[in-house]
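This document starts with one chain, in the form predicted alone, laid out as structure tokens.
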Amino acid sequence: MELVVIGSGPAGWLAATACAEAGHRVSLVSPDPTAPWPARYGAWTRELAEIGALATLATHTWPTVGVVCDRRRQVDRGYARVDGAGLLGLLQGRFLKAGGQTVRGRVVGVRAARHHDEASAPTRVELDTGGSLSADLVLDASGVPGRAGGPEVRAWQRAWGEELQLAGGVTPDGLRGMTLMDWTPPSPRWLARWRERPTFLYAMELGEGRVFLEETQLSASDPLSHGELRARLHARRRRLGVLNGASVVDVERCALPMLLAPQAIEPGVVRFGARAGFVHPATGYSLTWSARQSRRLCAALEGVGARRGEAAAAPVRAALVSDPRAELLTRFGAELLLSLDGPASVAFFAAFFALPPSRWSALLDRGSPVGRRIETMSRVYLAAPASIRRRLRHAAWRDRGRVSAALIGRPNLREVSR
């Protein structure tokens, strides 16, 4: 097939490389296809190991991670920091070796046949350079907001991160190892604001007195500004004793689309990556899921045959849809997290991480079956304090249509996206 992939982020490069190596003719279109990725990526080591070459691209690994809620717990599950520059270089090399081509330009229009009798006509991708490309199928991995006509975002995750070189090269005991979530308020001055709009610390010890610290708002429909997140992080740094004498090596400003509103189908186009809602709506992770979906994409293309345009896009789009019941449960959990204040967040995650990793991981893995998710949610409910159980019951009753569909019904895609 002739494929055009729009976007040069991780999802775009993963899809383009997988399709090129499967034997398709692929053009990756971006204003700057080789531009470095601004975000930093982390993943569970088990998930990295499941997707082959990515497992070799961990710059740092930790056999366990810390979680601070009601107390500090050490969770027995490996975590890795992914070498984004190394991953980009690896994918670019493999893509070019497989015969793929990069095209510099911004996509200003995608024109596909809309009438039934023209459904197998090729799709035209128009560029701001005045040229155009013909494609049997278009993959839109341009991100959010990405190209024009992007999805409406109902909730965002925002974070402000700083990589620091500490004075004297000594890491304080409170920043040793890897901390996935520290729900301690940044400082007494921020306590009232934190109770209303909670944030947590995500921290990595990188060795030789270097650390990465990030103040994160898990998910919000009206997210905090990066300025406030920076102020909270600096208050936390002061409390940890790493404000003065530490030099800032690098800064990360993170904004992840956590929940997308329903999107109309664009004829001849298959959305991929963040634009397709691949970002986990309760955690913000997407890298390993995009890699796994790239495999499903290639498998779906094998059955398309000579079809083009929307006739090719429709079956591929359907193949990339996850179990609707599982997605309903994931969205229910994500919307529950939106409603939690600081103390409730502490109580919820204390109950969540009190379970063995083999249990709670079912809610973090987009590919886990619906039965495991239901079992895990039941265990979190039983382990949670009475205040959280009341919230869960109230949320389940308020959203009883979707919850019932997830537990016993057969929800359609419109119900999932609602």
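Because the structure is a prediction, the values reported are computed rather than measured. Throughout, we count residues from 1 along the sequence that is shown.
Another form, the form predicted in complex with a small molecule, is not on view; read the next lines as being about it.
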Want to guess which of 101-109, 259-267, 339-347, 166-174 is within 4.5 Å of the small molecule in the predicted bound form, heavy atoms only? 101-109
Identify, from the list Pro198, Pro151, Gly333, Gly143, the residue with a heavy atom within 4.5 Å of the small molecule in the predicted bound form. Gly143
Pick from Pro63, Pro31, Gly371, Pro385: which has a non-hydrogen atom within 4.5 Å of the small molecule in the predicted bound form? Pro31
Although the partner isn't part of this model, could you tell me whether Gly284 comes within 4.5 Å of the small molecule in the predicted bound form, counting any heavy atom of the residue? yes
Close approach of Asp76 to the small molecule in the predicted bound form, 4.5 Å, heavy atom: no
My question is simply whether Phe353 lines the interface with the small molecule in the predicted bound form - judged by any non-hydrogen atom within 4.5 Å. no
Verify the contact flag for Leu240: yes if a non-hydrogen atom of it lies within 4.5 Å of a non-hydrogen atom of the small molecule in the predicted bound form, no if not. no
